[in-house]
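Next up is one chain by itself, shown in structure tokens, the form predicted on its own.
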């Protein structure tokens, strides 16, 4: 063995023992005739001591060590005179008697420290070095612990872990597929799965009853902080269940993870909120409930009461109340106005109203509205002296609500209300079954074509499909959708009707999903499921805004792996084997 102990385990109880350690040189410090080396491995850091008076040659060798050299040392554990309480091994040090350089290292392009001087692109290029940083490594350790606890929980509930194929048929109804050419079937392509949706439904038809898989999924879509072209799902499905059974099972799993991983016991049932209420009061189907500022609709307060076209012509007027913020300066209010006018938000402007200490209201639209209207506003907003009311309006109800949502989140950030150590969980339920696509000119499935409509809404499929609600549910934590699912259609006739509403011809439905429709004819049980985003769960538990640092080798925002320089071209021989010819169309 190269070592008898790791760099994170020695304590005062080990003083006097002779040990062998191996790892990477974190830093060296020369102080008079002494050289100190911090030796790091995955488990921690231990201080090594080389004494010129004891062995001058050995000390000279230590002075030649550079950062990230891989070394092996043998020495005796001693108690430190200047203890470092910030290190787990800070009460001991190793008086080194033997040094063996296992591998030299170039000077790394950034410091391998918790607070590195490397930018994102540089760290991604040298990700293998970035992973040596303790905070990045701890994220992967957290991920490991979470996957272990997921498996323990689901195993205890009778779930089977079953693998499904990575090479499947393309399903263009949804996000874009990544496609893989088949050498043995010229001109034909596999697709990488966006999710194992149809496969896990087939497992229910097969009688597996309870399935799960921690599975890689792939979507060729534009990226954000919480998106990667490949991501990991905790994918689950159950037979002979209703929506309540699934919510209960996976709320239990969430509580198990919080208790075992974070030491947080969540005793109360998670809040339930309909999709309609989430959009009405928060402008989002994943509302952050760590703080208030619930939307208040104000159309009736202002409508027709002054010659102010901005409000009179608006389809929607809504406001939020920021407690204690009436002291905001004009500069701060101008900055908020600039914020909502950003292209990605798109509001035309912002109206504000301060509630003064004497109860009067001072507003940016004073010249249009008198105190009678502004007092109605104060009452409607339930505002107190010292509060600030912020108002947005617009011609499109949903668009304006989403703009107000962004303003609400910005105020939450400014006021420190989005505490990463506080957790607000809820289920958003009763989603619309369909949403209209201007691009396609037809109704699209809000989730996927296999979602079961609410039983009481099934008659509306023939008369008003846009009004149908789905047996679908999302779990939201701190404004992030961490998982979602639905009860599935198991009746072939209902599934056929769903395809027709979505614009599928009988031939197209059979071509893309015939295997599933045929399977249903052989006795499909009622079933449903849910998929959690593992990357998102881990990032929330780690207190991170991006999922990239909880993935060992992530892609950048352009979908590139800058370390491997992928995607890349392939040579002509490979193209010939695949019967492919590249013809790049120039962008107009």
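Numbering follows the first chain given and starts at 1. Values in this document were obtained by computation on a predicted structure and should not be read as measured data.
This next part talks about the form predicted together with a small molecule, which is not shown.
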Discussion item. Is it the case that residue 394, even though its partner is missing from this view, gets within 4.5 Å of the small molecule in the model of the complex, heavy atoms only?
Written reply: no
Fill in: Non-hydrogen atom contact residue 484 with the small molecule in the model of the complex at 4.5 angstroms
yes
Practice prompt. Could you confirm whether residue 62 comes within 4.5 Å of the small molecule in the model of the complex, counting heavy atoms only?
Written response: no
Practice prompt. Would you check, heavy atoms only and a 4.5 Å threshold, whether residue 448 touches the small molecule in the model of the complex?
Written response: yes
Worksheet item: the small molecule in the model of the complex: within 4.5 Å of a heavy atom of each of 25, 47 and 132?
Response: no
Practice prompt. Look at the stretches 537-545, 523-531, 27-35, 552-560 and give the one with heavy atoms within 4.5 Å of the small molecule in the model of the complex.
Written response: 523-531
Worksheet item: Exactly one of 123, 200, 452, 143 has a non-hydrogen atom within 4.5 Å of the small molecule in the model of the complex; which residue is it?
Response: 200
Worksheet, complete the sentence: From 305, 418, 255, 219: within 4.5 Å of the small molecule in the model of the complex by heavy atoms is 219
